[in-house]
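Just one chain is shown here, as structure tokens, and it is the form predicted on its own.
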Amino acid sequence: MKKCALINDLSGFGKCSLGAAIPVISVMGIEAHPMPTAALSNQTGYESYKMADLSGYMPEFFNEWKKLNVDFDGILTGYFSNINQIECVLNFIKSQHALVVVDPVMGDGGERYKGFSDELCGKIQELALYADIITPNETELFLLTGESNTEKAARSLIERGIGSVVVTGIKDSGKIGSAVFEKDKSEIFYTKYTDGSYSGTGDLFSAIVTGLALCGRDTFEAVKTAAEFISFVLENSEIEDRNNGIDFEKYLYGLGAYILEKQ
């Protein structure tokens, strides 16, 4: 079986980060190996939460992995709280010959997230250049490049060596799109727009793209499938609080069946 390292925080409630990525990668027939950057009682969108920062443990954890002589097929990264975590992950990436997918979590709605300094954003920019695929929203794309035009920004990253730039959250006349840019091709996939944002949808998206890429699908097929899956789940979820996330668990069997059908 293929092995994928998942580097993100772990939240007890919110169905996001590692809590979303582990089941998605697993149902695709890929071993999911989590490396938690932090442990939270619940994700930060709730009124209160408690967090244990695991930055100090990450080098020790990676050293133990090194002793196991494991070669990873994929690496998926998400949220980071400080540059030391990213430096640790960069060293890990350089030791592997793996497909690297970076979800460059920095901001949304035209603004950086609270606590994201110039230094931290600069380190995320450095990490992104080691990726084969990145999955920013438009705000994060512009933060990565300093550009304000989506296609121009994506092309600038491709010129710097990133194979696939996937831009999420593109709104257009009641639809929401995910665009894929590669050297010689680009395409945008639209689904029905659901007002509001919901915990974990970005993590689900990047995990599905990563899993499908490791199963041999091209990025265009992977993004189309991820967008359609999340749109379907949103339409069939009973959501009382956006912080609780969407009901993806009930439909994971569909992802697994899709993989088996295409093999």
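These numbers come from a predicted model, not from an experiment. Residue numbers run from 1 along the displayed sequence.
Keep in mind that the form predicted in complex with a small molecule is missing from the display, and what follows is about it.
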| field | Selected contact from Met58, Ala32, Leu40, Leu234, since only one has a non-hydrogen atom within 4.5 angstroms of the small molecule in the model of the complex | value | Leu40
| message | Given that the small molecule is not shown alongside this chain, does Thr225 nevertheless sit within 4.5 Å of it in the model of the complex, heavy atom to heavy atom? | response | no
| said: Just checking whether Pro36 would be counted as a contact of the small molecule in the model of the complex - the rule being heavy atoms within 4.5 angstroms. | reply: no
| Is there a non-hydrogen atom of Cys16 within 4.5 angstroms of a non-hydrogen atom of the small molecule in the model of the complex? | yes
| Which of 44-52, 216-224, 22-30, 59-67 has heavy atoms within 4.5 Å of the small molecule in the model of the complex? | 44-52
